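In structure tokens, the next block holds one chain alone, the form predicted on its own.
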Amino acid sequence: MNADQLADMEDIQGLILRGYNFRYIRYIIFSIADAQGARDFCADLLPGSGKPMCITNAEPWPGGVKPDYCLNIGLTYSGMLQLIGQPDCDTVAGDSPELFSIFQQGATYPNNTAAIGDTGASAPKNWWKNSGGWLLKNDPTPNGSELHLQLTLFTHNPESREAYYHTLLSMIPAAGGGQAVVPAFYMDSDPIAVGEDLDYIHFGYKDSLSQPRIGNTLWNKKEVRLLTGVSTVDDRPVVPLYHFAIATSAPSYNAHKLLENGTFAAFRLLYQDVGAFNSFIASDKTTSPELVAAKMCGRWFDGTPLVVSPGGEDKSLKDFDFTNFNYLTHTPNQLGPPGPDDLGARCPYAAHIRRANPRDDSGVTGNNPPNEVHRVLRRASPYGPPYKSDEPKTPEVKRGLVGLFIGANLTDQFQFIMSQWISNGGFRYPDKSPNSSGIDPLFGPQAGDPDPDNHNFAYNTGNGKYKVIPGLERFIRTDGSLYLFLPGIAGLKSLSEGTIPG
């Protein structure tokens, strides 16, 4: 695939190019006990194998009708070693240096964990058992070397989730008196409802509003959007396909043929301390909790962007109205007050959505060209029961966000965003806020952060003065992480054969 070719929908896993919008999800991690049995398992999961379940590719669903399930697969570097061996892994690494090195290091590599804040309580030594869902008899190892395959099962209801999970387990070949691949961890995701809307996360915000608009795909065409019921114009800038589906010929990286039409992802299990978050947004008695929460996120609880409606929620917004906006120069269909928000008077520089995607703001460190290089696809959803204000503090109720953060280049996409925009101060220049916008207020300061400014949340009140709210703490804890390769269908076939393309 060349960088400017249309997406090969048959060869790309479906969740890379589209959100399925299934409500009941199970994230499963397997440990390989027998390499040949694992290869056979992967072969049986190939589309067209005739087996009970198979991996979902990106082709349109017949008649536009959702299937009963969707299934996708990724593997860690340890898993790849099991399937194709060290010499072939070295060949792929040598031909794909920009993409492969961080995947090879893995999510537990000390430089990677330090850069993105996986330290203290979020350090790898505390992962997996902290949140429940660990299935192996032995405790997790700090480096995660026993975790090899990650499958995500999407279904319509809890009953079908359980049924398809058992069907999936029944497909695992026997080996040595046991199973060739063994479930090591799982986490279920169920929707959180606010009224009739099911797209909320535990902190109270409406979710799943903004994803990159990927070029050269069927889903980017106006006719398809209209057929799927999207009525508003999409002003989001187009991000080249090769940032999400790997091309063997791309402007910014080299890639071995095995990686073609695949991608990389960070699998993240993130505990959310809703009680501490609620206490913080209510701590300043001169400001409403709703306004503090909006300034921290960059959206009101219902998803209305601050830069579009700084005064409160706008119930007239629909479809792309929630994401058709820039911070400096209005998009053609941007609603709300005219003029740039270059001082962060409407949406603070520190706000989560501005830090995760600064859009056209070229004053942000590394955002050049804007809207393109440092983007990720977010396929994540909530786990655990909704928060109750009267619930006991001990034992800790397990709840948070789990899923995949997808990009062809983990270093330039996921790792950059987390290290440079989420975890670091000095987000934008010039910045007149008291703490140079500190760090992302939803994630909060890293463990042992000595900078007192990072324990405050400051935002421009719109009159040249700044509101400073002290006591900011870490509301999100990493309870597990893997760096994964999500192969194309042809790549999965090669892996199932224990080979790599010539």
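Given the structure is predicted, the values throughout are model-derived calculations rather than measurements. All residue numbers are counted from 1 along the displayed sequence.
This next part talks about the form predicted in complex with protoporphyrin IX containing FE (HEM), which is not shown.
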Item to check | in the predicted bound form, the one of 108, 424, 210, 130 near protoporphyrin IX containing FE (HEM) [non-hydrogen atom within 4.5 angstroms] | outcome: 210
Checklist outcome for this item: Answer key, protoporphyrin IX containing FE (HEM) contact in the predicted bound form at 4.5 Å (heavy atoms) among 168, 364, 417, 250: the residue is 417
Next on the checklist: When protoporphyrin IX containing FE (HEM) is placed as it is in the predicted bound form, are 27, 134 and 179 each within 4.5 Å of it, taking any non-hydrogen atom of the residue?
Outcome noted: no
Checklist entry - Going by heavy atoms within 4.5 Å, which of 137-145, 91-99, 180-188, 371-379 lines up against protoporphyrin IX containing FE (HEM) in the predicted bound form? => result 371-379
Checklist entry - Counting only non-hydrogen atoms and a 4.5 angstroms cut-off, does residue 201 reach protoporphyrin IX containing FE (HEM) in the predicted bound form? => result yes
Checklist entry - Does residue 239 make contact with protoporphyrin IX containing FE (HEM) in the predicted bound form, using a 4.5 Å heavy atom cut-off? => result no
Checklist entry - Do residue 409 and protoporphyrin IX containing FE (HEM) come within 4.5 Å of each other in the predicted bound form, heavy atoms counted? => result no
Checklist entry - Taking 4.5 angstroms as the cut-off for heavy atoms, does residue 71 touch protoporphyrin IX containing FE (HEM) in the predicted bound form? => result no
Checklist outcome for this item: Near protoporphyrin IX containing FE (HEM) in the predicted bound form, with a heavy atom at 4.5 Å or closer, the residues from 290-304 are 297, 299
